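Same chain, two versions here, written out as structure tokens and called structure 1 and structure 2.
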Structure 1
Amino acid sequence: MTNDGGKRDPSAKRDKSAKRGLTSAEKVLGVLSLFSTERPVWSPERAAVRMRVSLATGYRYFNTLVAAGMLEKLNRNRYVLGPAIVELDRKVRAADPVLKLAQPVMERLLRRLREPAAILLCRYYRQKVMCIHQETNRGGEPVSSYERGTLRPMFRGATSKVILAYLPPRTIVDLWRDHRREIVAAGMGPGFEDFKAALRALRREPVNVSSSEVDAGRTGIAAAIFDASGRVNGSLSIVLLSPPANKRAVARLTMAVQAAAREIERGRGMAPTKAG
């Protein structure tokens, strides 16, 4: 499908996907996406309304997931995520090759820091940036509220923006189409060309530094992590409880996080060069 200018309409792929319809397995798994921190409890009735299916179908989906341990019944018609989710997360931790390589690197990096800090390993998936591991030297007051499994703002903060800068052009088009208001609100330009210019500016610096964009008073210093094909795979970042004392301190931390990111890449045989 093309628009009047002869260019491919970015919504064509989405429309085609919508017309294709979902398989039964996709519909059942779609129930799990309803559960969130804001709404951790669901009933088959509410889920059926949200998913636009019959009540009988909603109950069938829930019964299937309960049998698999993915959902657990609290009382009456109230359900929460089940123990199988925890079991799967443990298996993911044990099998994740990037996490295995990154954790000792993160621990060594943290030992080099004199100030209260947290080290975050994050990855991009499905228009989201998610924290998959955190190391911190601060007990009590957390330096970062983003622990494993927590989604970070896509267009704010060094941790996400250093990933955003290197996403493929097709993904950038999709993000603009689906999240234009958020992009504009984040100050990344009122138009698509402005957005692309903001990304080019981010790519000019190998490490991104931001202050108070996500958590007030926190400073983030992040480097992208690339795979063997030069595609962005995630990011490694230092989050500081207080701003660095001076430019020299920023430079020291910038070099440290960049070196740690390259070490993770080398450990997995990733290419140290980046696309674009």
Structure 2
Amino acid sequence: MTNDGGKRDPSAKRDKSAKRGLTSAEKVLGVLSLFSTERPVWSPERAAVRMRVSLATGYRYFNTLVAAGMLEKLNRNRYVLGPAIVELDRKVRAADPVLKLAQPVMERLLRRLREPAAILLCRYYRQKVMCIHQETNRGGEPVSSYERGTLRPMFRGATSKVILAYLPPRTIVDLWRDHRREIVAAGMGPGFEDFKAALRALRREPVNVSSSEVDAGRTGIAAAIFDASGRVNGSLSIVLLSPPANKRAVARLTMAVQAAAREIERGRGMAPTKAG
């Protein structure tokens, strides 16, 4: 799904999974990850080649995805991601307790800001950080790169680093194994011990402030959000579109984002619908 070139989820069992071929349903679902912003339209033929299946099977896959609404036939030979996805995301939003809690807090936080900024709610997803919700005091456009569903780099930017700092040890090990190069480039190397030390350092500050690490000229001020059992759930961050005026301004925003994160945490507790 992450379009990372077909690399399997590294948090899955690493021992035997490599051997066994993909199940049929996995291959069908895999078709969805062919679709990207750069290449939003696919034909069954081209997909069949990419998935290493016959043309007939390519059509079979597309047909079952179309039947599920996950794909939509634009016209002869041209398919795009389908409306079922839109409907599903609505359900995801409706079922997300953190989003529900965070939204009003984010709106309130934004209203207190005088400078052009965006407030971001993000979470960890597959060795990256995904934007869940954005509030902005501009006409939307200038910060559109942070909209819901966008992925951000794991090791750069306050939004990500504040999550990274608190990820469970297993995940940290996996990240080191899979992204050593990137970690070193971000100044958290060169060894695993250095990386862990960098994370400890991040944990010492309640809020992370980073400038121009993702987008030039932008400053992120981020606080982690924890769930009831103390695990990191995501992050809340203020993204300033232009460099902050002075130290005092940064201090003020630091306080504000931290307070907002704590407020979101306070709202949790009531368990969502019970599963049977």
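FYI, numbering is relative to structure 1, first residue = 1. The structure displayed is predicted, hence computed values, not measured ones. If you superpose the two forms and keep the largest set of C-alpha atoms that fall within 1.5 Å, you have the rigid core.
*Sort out for me whether 1 or 2 is the form predicted alone.*
The chain shown as structure 1 is the form predicted alone.
*If you line up the core, does S229 shift 2 angstroms or more at its C-alpha between structures 1 and 2?*
No, S229 moves less than 2 Å.
*asked:* For R78, does the CA position differ by 2 Å or more between structures 1 and 2 when the superposition is done on the rigid core?
replied: For R78, whose C-alpha is compared between structures 1 and 2 after core superposition, the shift is 2 Å or more.
_Report the rigid-body rotation angle of the smaller part versus the larger between structures 1 and 2, as an integer number of degrees._
Spelled out, the smaller domain pivots 12 degrees relative to the larger domain.
_Angstrom shift of the Cα atom of F35 between structures 1 and 2 (superposition on rigid core)_ = C-alpha displacement of F35 between structures 1 and 2: 2.5 Å.
*For R50, what C-alpha shift in Å results between structures 1 and 2 following superposition on the rigid core?*
R50 is displaced by 4.3 Å at its C-alpha.
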